[in-house]
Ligand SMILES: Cc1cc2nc3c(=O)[nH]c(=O)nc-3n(C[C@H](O)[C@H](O)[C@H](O)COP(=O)(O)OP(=O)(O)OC[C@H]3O[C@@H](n4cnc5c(N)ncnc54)[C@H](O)[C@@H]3O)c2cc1C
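A lone chain, given as structure tokens: the form predicted on its own.
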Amino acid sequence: MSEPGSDDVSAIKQQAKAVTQAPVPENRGNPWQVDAAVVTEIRDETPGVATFQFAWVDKNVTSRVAAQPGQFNMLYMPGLGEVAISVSDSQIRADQVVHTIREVGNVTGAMFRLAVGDTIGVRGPFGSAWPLDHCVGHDVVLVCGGIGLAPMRTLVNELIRCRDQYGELNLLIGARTPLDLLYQSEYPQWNSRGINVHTTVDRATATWSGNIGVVILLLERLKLRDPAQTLLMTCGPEVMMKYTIQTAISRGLTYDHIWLSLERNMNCAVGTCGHCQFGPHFLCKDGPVLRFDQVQALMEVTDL
């Protein structure tokens, strides 16, 4: 990837126009509507990360609040504020929603003090979704790091649900240590249902016998049947995604076959506050899932 020049700036403007004109999955109804949800289950995943299952208090909202893979909700803690959290499971009952949450601030810290039976507020769903329609008939590679697997879990489940529509499926997962690997108990089921799961860690433990190193190494070693017809989707730390994309391009994948999920400070979720602006894009509306050729030049701009 090269530094953006004047031609790139012109291209960015054209791409931004195309993005804003493209259909983006949106919340149906009033985007400021807050729905009550009660905690039905809390499951510890890794240190500082837990999965919360919520049931809608009003069962009549289920069709309006149904999320697509890759979309997020705004979770509201009264007196503290809201935080954007990706939906991490779409395979449960329609009257429930699942979020995997990392404790990083006041709002998520308060969520970690919730107990089964407690109630929070939810707005959403918001944002763009993973392009499942583009995956049909193609080999697909998913690359994620750390908590980045959470926004991909719904995608994994959807690929499994319609497994015969896709070619070879590979899921590459990286984490700091074996203890930081999300959803480990689900890997055998994913493998048995047609997704090849590959894991690696930065630092091994005495009992770890798997791969050691960054997740990009798994992509470098992965056998690709037809790179030009392979789709890649990635989510995780931005530096990880940057090098993942560089590696994918060097392996023969095309720019328009690469998708990534970007994270910024999403305060309003409707493109009004500007906190999530990324060049000409508002990630709460145009993203978080974007095609790489739409943001290529922007990702070369330091601290954007």
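From 1 onward, residues are counted along the sequence shown. Since the structure is predicted, the reported quantities are computational estimates derived from the model, not experimental observations.
The next section is about a form of this same protein that is not shown, the form predicted together with the ligand.
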query: is_contact(D35, the ligand) in the model of the complex, heavy atom dist at most 4.5 Å; finding: no
query: 4.5 angstroms heavy atom contact with the ligand in the model of the complex for W130; finding: no
query: Contact flag, A84 vs the ligand in the model of the complex, heavy atom cut 4.5 Å; finding: yes
query: In the model of the complex, T254 touching the ligand (heavy atom, 4.5 Å); finding: no
query: Among the candidates L172, V140, L155, I147, the residue which, in the model of the complex, approaches the ligand to within 4.5 Å (heavy atoms); finding: I147
query: One residue of M241, I258, M266, A67 in contact with the ligand, assessed in the model of the complex (non-hydrogen atom, 4.5 angstroms); finding: M266
query: Stretch from 219-227, 200-208, 108-116, 187-195 whose residues place a heavy atom within 4.5 Å of the ligand in the model of the complex; finding: 108-116
query: Residues in 228-260 close to the ligand in the model of the complex, defined by a heavy atom within 4.5 Å, in order; finding: none
